[in-house]
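Next up is one chain by itself, shown in structure tokens, the form predicted alone.
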């Protein structure tokens, strides 16, 4: 479990004031409940629907679980920055060099209120961010297109615009799952202290090669 200091911002919305907090601990998460709109819909299923899933993530080394909290008790948005699973391509650059934004979601009723931007902002204050290659993979089949009333291309553009202000850029890759659909997107942020050698290895890794 991480021992990094927490950061918090407050966001005023038409539905009330929110706290968006980084490095939420398992004990803190245990005191909260998910907003009722997280769950399974006709064409969409939330990635996390139980507190226990976020608690397990918060127990992992260096992981930041960011929560948007309403009424001091309800989770209306979340984001997770964590190391990739060992079997994934992105874990092979070198041990613990890449970290994935492996979840970001806002409850349907609370969308279009700059909450996702606040979550990415809090993920980006991770004290090791400049020592990591942070990345985000967007798979179009996981997106709530109905809830957002968007096409896949519109959603893709929205995600790019969400991450770009925080130093993320789109990169090409031949990773098979990403290449399945043209709407899918791979973005990364290369920390300031990443060596030129590691940056070159990242370039080769995107195409499943070694220099």
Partner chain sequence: MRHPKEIVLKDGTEVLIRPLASADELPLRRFYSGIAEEDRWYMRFDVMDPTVIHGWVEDQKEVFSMLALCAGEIVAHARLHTHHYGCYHHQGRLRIIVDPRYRQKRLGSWMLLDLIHLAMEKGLREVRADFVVGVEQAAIESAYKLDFFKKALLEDFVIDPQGQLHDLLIMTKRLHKDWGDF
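From a predicted model like this one, the values you see are computed outputs, not experimental measurements. Numbering follows the first chain given and starts at 1.
What comes next is about the form predicted together with its partner chain, which does not appear here.
- Residue in contact with its partner chain in the model of the complex (any heavy atom within 4.5 Å), chosen from 34, 48, 166, 171: 171.
- Heavy atoms of residue 40 never reach within 4.5 Å of its partner chain in the model of the complex, leaving it off the interface.
- Its partner chain in the model of the complex comes within 4.5 Å of no heavy atom belonging to residue 57.
- Taking the partner from elsewhere, residue 152 is found to have a heavy atom lying within 4.5 Å of its partner chain in the model of the complex.
- Using a 4.5 angstroms threshold between heavy atoms, residue 181 counts as touching its partner chain in the model of the complex.
- Of the candidate stretches 135 to 143, 95 to 103, 80 to 88, 112 to 120, only 135 to 143 contains residues with a heavy atom within 4.5 Å of its partner chain in the model of the complex.
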